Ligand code: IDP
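First, one chain by itself in structure tokens, the form predicted alone.
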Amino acid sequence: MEKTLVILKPDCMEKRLCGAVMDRFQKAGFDIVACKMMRLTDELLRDHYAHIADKPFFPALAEFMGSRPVIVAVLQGQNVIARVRELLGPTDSTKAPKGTIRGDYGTDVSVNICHASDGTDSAAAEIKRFFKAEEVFA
């Protein structure tokens, strides 16, 4: 079974949409095999976003992501990476169709409700970054 990491971002928390978002994932048949609430530190954000940490928009993204606690979860299921990304819609919420999570609830390219791993390698690295092996119940 494939696994992916999702982060319910600060806007999801602020809008009280955690249950609605997780409900969509569960109704799609995915199992939640790890889940916790945490505050993302500057160090963790620099590591997680290392591929864009040198971009001019990174400080604003890091400030947003660290602005309040988030929920981090590991979902498991058949083809879960692609299917979660399909449920979310495009990263830019303004381009996401209605019926997708970002199309229904997101605001823009950063304030877009949920992060999801984009491939098997990134999912494995992200799960390891946020969870100890014994915290994942798969």
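Heads up: residue numbers just count along the shown sequence, starting at 1. Small disclaimer: the values here were computed from a predicted structure and weren't measured.
The form predicted together with inosine-5'-diphosphate exists for this protein as well; it is not shown, and the discussion that follows is about that form.
Asks: Would inosine-5'-diphosphate in the predicted bound form be within 4.5 angstroms of a non-hydrogen atom of every residue among L61, R102 and S110?
Replies: Yes.
Asks: To test your reading of this chain, name the stretch in 23-31, 66-74, 53-61, 36-44 whose heavy atoms come within 4.5 Å of inosine-5'-diphosphate in the predicted bound form.
Replies: In short, 53-61.
Asks: Is there a non-hydrogen atom of R83 within 4.5 angstroms of a non-hydrogen atom of inosine-5'-diphosphate in the predicted bound form?
Replies: Close contact is absent here: in the predicted bound form, R83 is far from inosine-5'-diphosphate, nothing within 4.5 Å, heavy atoms only.
Asks: Can you name the residues of 16-49 that have a non-hydrogen atom within 4.5 angstroms of inosine-5'-diphosphate in the predicted bound form?
Replies: Only a single residue, Y49, comes within 4.5 Å of the partner.
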